[in-house]
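In the block that follows, a single chain appears as structure tokens, in the form predicted alone.
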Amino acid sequence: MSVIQALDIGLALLVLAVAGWTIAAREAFASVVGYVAYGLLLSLVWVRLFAVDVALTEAAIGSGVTGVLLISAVVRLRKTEAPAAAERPGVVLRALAAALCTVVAAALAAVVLLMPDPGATLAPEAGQHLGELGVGNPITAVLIAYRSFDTMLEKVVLILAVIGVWSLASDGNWGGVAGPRRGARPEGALAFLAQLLPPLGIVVAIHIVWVGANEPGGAFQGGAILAAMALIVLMARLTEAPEIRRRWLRLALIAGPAVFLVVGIAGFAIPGSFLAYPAGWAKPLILLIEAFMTLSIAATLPMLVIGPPDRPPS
């Protein structure tokens, strides 16, 4: 057994152990911490599977943003945690849940173990038309060209999620500000981190979006990094979140899907079908869509994490 194989086996066992600990943890906060650690370990697994795009998304969304959302939920639900913990399900219900989990795990294992070798793949077809699109990354081609309609709807779902979160605000707070008020003195270490990281994060995010046409990266990864930088600044209380009634914020939220839709409708007039790119214009249009999608993602994710407005508009 080589060193790499030993590390892979160790990583697999560690993923299973953290997953089990996350399920068995009695406190909600401990479960969330386990979930975040589990997501980071899965990112390493995707790297070992040479799926760097998926690893970046898992680290940014599956572990990062989702982890912050769960921590916020735990804080809001802390008063109900003790009564909920006292209501333990019966033995029969726990046995049924364990049996169902075992059946699902066995079915997934069977699917993986019984796959043909080599497995079925559409990779050759995905790479066949990269030259026509002007991109070198087949993942970008799949997301923005081959299944672009699905990608556009995914961003629309994010906007609907933000609207759903905002709808939880009381009538008096509608249009106001969410999140804690800025303190008189920002917290020292966190404030230093919030001043140090964002310039570096912005450069990294722009680089990831720009190289996404030919290398691992893209709008979702770059937008998630920008969102993380915004959340760090807000957590350090260097500034407050904007009022949700601000026009520039609402334009930023819809910019990506709107540009995506405009380009798609323009396809009827030139190439002759929805979301089709004119010959020679595919890469510029893809980069245009990616740029505005990055803006929308960077605006959407912090709004989801901050939650509904809890202060009336000024």
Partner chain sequence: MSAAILAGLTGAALVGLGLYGLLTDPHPLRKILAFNILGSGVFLLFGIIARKGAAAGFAADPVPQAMVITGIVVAFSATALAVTLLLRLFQETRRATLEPDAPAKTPDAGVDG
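Keep in mind the model is a prediction, meaning the values are calculated, not measured. Numbering follows the first chain given and starts at 1. C-alpha atoms forming the largest set that superposes within 1.5 Å between two forms make up the rigid core.
Heads up, the form predicted in complex with the partner chain isn't pictured, but that's what we're talking about next.
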Exercise. Ile9, Ala28 and Glu154: each with a heavy atom within 4.5 Å of the partner chain in the predicted complex?
Worked result: yes
Problem set entry | Arg48, heavy atom within 4.5 angstroms of the partner chain in the predicted complex | yes
Exercise. Is there a heavy atom of Leu238 lying 4.5 Å or less from a heavy atom of the partner chain in the predicted complex?
Worked result: no
Problem set entry | Contact label in the predicted complex: Ala37 to the partner chain, heavy atom within 4.5 Å | no
Problem set entry | Close approach of Leu287 to the partner chain in the predicted complex, 4.5 Å, heavy atom | no
Exercise. Judged by heavy atom distances of 4.5 Å or less, which residues of 116-144 approach the partner chain in the predicted complex?
Worked result: Pro116, Asp117, Pro118, Gly119, Ala120, Thr121, Leu122, Ala123, Pro124, Ala126, Gly127, Leu130, Pro138, Ile139, Val142, Leu143
Exercise. For Ala123, is the CA shift between this form and the one not shown at least 2 Å following rigid-core superposition?
Worked result: no
